[in-house]
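Presented as structure tokens, the chain that follows is alone, the form predicted on its own.
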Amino acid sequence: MKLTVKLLDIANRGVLLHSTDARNMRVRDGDRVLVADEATGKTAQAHVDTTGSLIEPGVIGVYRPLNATLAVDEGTVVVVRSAERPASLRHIKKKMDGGRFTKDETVDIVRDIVDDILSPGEITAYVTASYINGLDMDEVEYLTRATVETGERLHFTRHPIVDKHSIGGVPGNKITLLIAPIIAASGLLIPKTSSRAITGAGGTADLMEVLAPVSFTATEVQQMTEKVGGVIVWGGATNIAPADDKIITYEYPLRIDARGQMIASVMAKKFAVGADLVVIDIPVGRNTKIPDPQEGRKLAREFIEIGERLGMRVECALSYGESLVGHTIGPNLEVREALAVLEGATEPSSLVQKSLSLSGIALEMAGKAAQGQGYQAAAELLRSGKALEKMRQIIEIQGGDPTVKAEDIVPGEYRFDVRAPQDGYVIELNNSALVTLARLAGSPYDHGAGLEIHAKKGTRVKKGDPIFTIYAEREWRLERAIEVGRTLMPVVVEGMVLERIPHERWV
């Protein structure tokens, strides 16, 4: 069937057909068509949306991403015919039924994700099937390699290349803002590509965006790293492991981070940037992704095994995950806290100690410090101001203001203090509930939204003392966070007597 093009500025790789034309071609919503421009010879496959009113019969609406391939003009006549379903859908169905992916099947799926052959619903099915039925180590390796092979890779002439990653699950984990400049200040290269938030209130890329742009090509990432020793950028803009960020897009609304996909996601990015040495932070504890050290050690072995298969040396650190890192959650608040430490602040100790410990492991792995001396070496790079100077170089080369100071970064103008209902001790901080409140307040999209925790677990408080403050850039978001916060009870305060059990209860 020949149809006339109408260009639609919609960020969806597909086409819009009038329902009459769709019936004549025997296609419906979710089916596929092949669109061909006979004048240029360009073709593209697209999934179908239908309408009875937005366009007229004889017209095909071409969405913006599809036209990046077709490059047709408004009014161009194209040939449209039904297309077969991709083989990757059979592979996904097999996984939904409890099967396992082969190497070739994984390549099919990843390539179709990158090329936008699969629809959003089909990618969601893939993510969900992998989450429910899991991926074994062979499947994780297949996914890791396919994710790298369908994108660009960095190739450095100087080695070793160092990288780090935290699997998340703990709010306020802004340690990369300290670790990256510490490692770069030691003379090592660390091309840190980071994700935006999936389940949290701010991914590392969201935080760094407060200080500088984070969207760069792979070539730019390599050049900047070679010039100043390190970068902190968003992996989704680099075309490094592009399938990963597309998968993350569909994990985000479900708030899931499937274990096998998570391992492949982490290791694909490390492999693609040419990392030789990788440090993985695995927070453990209640309300984290990993509930106990035993499960953490199992995950560590899996990371190490995949690293060995790919030729990378991986070491993992199990870290305390039952309380947030530092005292803040949300982009501006976390960046302000991290910059203050780079500028010389010795608190919060949890942020300082965790950052120095993980930096120290990397320095020991790279031979920059003797075994057991990495922490002290990292502390000296921080104390001397070399890490701060390196961070300023990283900010500048990424297009930010290198003179920015912690005091320049402020939270949202709307705030609400949550106060202790009685005298006692803070006996619990629920990470999940705190993240939920930060997100309701607008984090990470509103950089000024988030939480500042004044009393962490074990702190003695008096009735009326502020326990934490909610910040927002928009008043209605603050009101929503307050409303939900009354039901979540993210912080529990108790006196030394937890419960009175009267005599009458037992008689």
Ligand SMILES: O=P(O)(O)OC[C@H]1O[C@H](OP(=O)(O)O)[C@H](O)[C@@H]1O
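The shown structure was predicted, so the numbers you read here are calculated from the model rather than taken from an experiment. A residue's number is simply how far along the shown sequence it sits, counting from 1.
There is also a form predicted together with the ligand; it is not shown, and the following applies to it.
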- Task: Sort through 289, 390, 95, 336 and report the residue having a heavy atom within 4.5 Å of the ligand in the predicted complex.
- Result: 289
- Query: 431, 222, 319, 176: which sits within 4.5 Å of the ligand in the predicted complex by any heavy atom?
  - Reply: 176
- Quick one: in the predicted complex, does every one of 153, 159 and 191 get a heavy atom within 4.5 Å of the ligand? no
- Message: Taking any heavy atom pair closer than or equal to 4.5 Å as contact, tell me whether residue 204 reaches the ligand in the predicted complex.
- Response: yes
- Message: Within 4.5 Å, heavy atoms only: does residue 314 come near the ligand in the predicted complex?
- Response: no
- residue 165: touches the ligand in the predicted complex, heavy atom cutoff 4.5 angstroms: yes
- Any chance residue 195 has a heavy atom within 4.5 Å of the ligand in the predicted complex? yes
- Heavy atoms within 4.5 Å of the ligand in the predicted complex: which stretch among 222-230, 81-89, 394-402, 168-176? 168-176
